[in-house]
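Next up: a single chain in structure tokens, the form predicted on its own.
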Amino acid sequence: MGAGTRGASGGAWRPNPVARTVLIVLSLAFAFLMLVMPLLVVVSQAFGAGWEAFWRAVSDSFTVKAAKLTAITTVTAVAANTAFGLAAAWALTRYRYRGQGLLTTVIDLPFAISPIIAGLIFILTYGRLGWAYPFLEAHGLKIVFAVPGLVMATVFVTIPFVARELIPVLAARGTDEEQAAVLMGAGFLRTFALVTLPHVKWALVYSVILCAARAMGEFGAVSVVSGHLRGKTNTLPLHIEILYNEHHYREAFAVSAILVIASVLVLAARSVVETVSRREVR
């Protein structure tokens, strides 16, 4: 059964209706079983005991502290990676130099390294056995088992999202307009703000949304560097794990629903950005 057929005279390709139906049904079935159904289970379990039980779980002091810490790490990681992503994308698409391929490889590194390994890297660097620990101890600084460690681990795992979204867009735009602006006397910042940024703004917004979504749900790396100090270094994913391990299943599902709702909002924002950007292109 082919995916499509050609006309009798060898004309335009026509989709095979049977293949199209089978592929659509398989895709929808897989998406429902692996994505939609688990999320529906989480939401139904979260509200299974009623609104009051749900509110007690999500308004608990430890849950509120975990939510605030998640927001702090997410915002900080997104801000850091936005700045780095813009700089890296500019450096890779506007200049030619030795080591360019190495920078590209380094950007992709978090995709290849397990988040657990990423957490161990920070432990071995900034922990008691790390080479940086004497300096940190002498200056009263704490990275591991503290908020800075959570932020650094989250930044590490989300590094590629902004840069990788901007690099192909900047490469496709070329440098003609920027060179024209420079010839007309515009400086670097003016050229970037008035020429470059307007062309990549939707890709930047899209990448920031993806980076935020990844940062909110990060578990592996922050789990290693957090020390699981309840009320101090536990983000929402870590707090959910503690509730589940303590057999507080209803509370765990209630807190999980917060992340599910946040994910839905992120998806909605992404859809809006995609729609607006397509309209602007047209």
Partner chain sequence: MSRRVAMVLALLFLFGQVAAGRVLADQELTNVSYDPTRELYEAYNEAFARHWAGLGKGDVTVVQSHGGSAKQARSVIEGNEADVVTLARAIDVTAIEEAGLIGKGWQGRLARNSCPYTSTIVFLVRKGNPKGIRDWGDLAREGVGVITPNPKTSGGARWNYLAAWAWADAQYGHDDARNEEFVKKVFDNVLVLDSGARGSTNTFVQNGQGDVLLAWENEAYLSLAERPGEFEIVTPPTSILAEPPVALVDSYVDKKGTRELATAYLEYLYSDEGQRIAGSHYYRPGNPEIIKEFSGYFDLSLKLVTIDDPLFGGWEAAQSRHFSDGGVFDRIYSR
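Positions refer to the first chain, counted from 1. What you see is a predicted model; the values in this text were computed from it and never measured.
Absent from the display: the form predicted in complex with its partner chain. The rest refers to it.
Although its partner chain is omitted here, in the predicted bound form all of Y133, K232 and E246 have a heavy atom within 4.5 Å of it.
Here the chain stands alone, but in the predicted bound form its contact with its partner chain, taken as any heavy atom within 4.5 Å, falls in 120-128 among 71-79, 120-128, 158-166, 196-204. Although the partner is absent here, K142 is a contact residue: one of its heavy atoms lies within 4.5 angstroms of its partner chain in the predicted bound form. Taking the partner from elsewhere, E137 is found to have a heavy atom lying within 4.5 Å of its partner chain in the predicted bound form. Mapping the unseen interface onto this chain, G227 counts among the residues with a heavy atom inside 4.5 Å of its partner chain in the predicted bound form.
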